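Here we start with a single chain on its own, the form predicted on its own, put down as structure tokens.
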């Protein structure tokens, strides 16, 4: 259903992303080797990725890099291997339908083995990530197949210790014609900085990659999404309530979906459903924001509170920060401000700053 709060798996549950799907299908049809999918938090990148790869009927594995990081506080090779193995285990029926023989594939990969419980990984250091990719490529080449390895929220790969994944990606695109890499990122500035695609000295510089940007819904799209979702579940909702939701959440599909689920599935009133989204959403955002602001918590919070309370220019925000947190020099203040833009908590438009996500604004003003 449209109001399923989990990542979507079927095209019929994915509202109005036909253009983005076709871009991914076109890239796969052309055997392109590197695809990036950008978009702010909760805009539906993970759902788009999963639906596209299922619809394309292509061999693939999706690594939830952010999930790995928040579970283990780092992103080691063994964590990534286990994520690949777990993906195959969870999706055995899909791979069986494609005629993919799990034992044949993993039986040739050192460190992996197949048991009655699924695919398992041994904690051995001998195999590198490039070795793993090379073996996957060779296996696919012998069978005329393509394998897609997707890193969801790939910017968290920067917590992988000594492994330079921008170099791994460049090597893969240069040498492994049967593998397509897909990376997604909601911290758009961080992902681009991590990939360093504009740095002439960086491994990925000059290499072609298809870039796909997933936008938030327009006002009309948001209204239609909610109307269709409620109709699908036989729920009648007043148009003025739908318009209020659109004004509140500004086309961020994740929050619209949570509201629709609260109303149509949990049977909440309009007011209670809105309040629930703010409460649940702020809890989801809290852990990530706390990690970012930890090195200079008071100053980061002062910047965010300044913008939340209406300060939009560099000078007005800095004045607010000085009043609340004490003196800060221009260089340090600008660095902190740029970090918040880079991580997606602020956007800069026409030299003015704003918080793009109403849940983050609520978190800053009401919870922190």
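Since the model is a prediction, treat every value here as computed from it, not as a measurement. Residue numbers count along the first chain shown, from 1.
If you look for the form predicted in complex with a small molecule, you will not find it shown, but the lines that follow are about it.
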(request) Classify residue 41 as contacting or not contacting the small molecule in the predicted complex by the rule of any non-hydrogen atom within 4.5 angstroms, answering yes or no. (result) yes
(request) Although the small molecule is absent from this view, report whether residue 165 comes within 4.5 Å of it in the predicted complex, heavy atoms only. (result) no
(request) Determine whether any heavy atom of residue 46 comes within 4.5 Å of a heavy atom of the small molecule in the predicted complex, and answer yes or no. (result) yes
(message) Just checking whether residue 180 would be counted as a contact of the small molecule in the predicted complex - the rule being heavy atoms within 4.5 angstroms.
(response) no
(request) Select, from the options 253-261, 133-141, 88-96, 236-244, the stretch whose residues sit within 4.5 angstroms of the small molecule in the predicted complex by heavy atom distance. (result) 253-261
(request) Flag this candidate site as yes only if 190, 193 and 197 all have a heavy atom within 4.5 Å of the small molecule in the predicted complex; otherwise mark no. (result) no
(request) Using heavy atoms only and a 4.5 Å cut-off, determine which of 156, 81, 217, 169 is in contact with the small molecule in the predicted complex. (result) 217
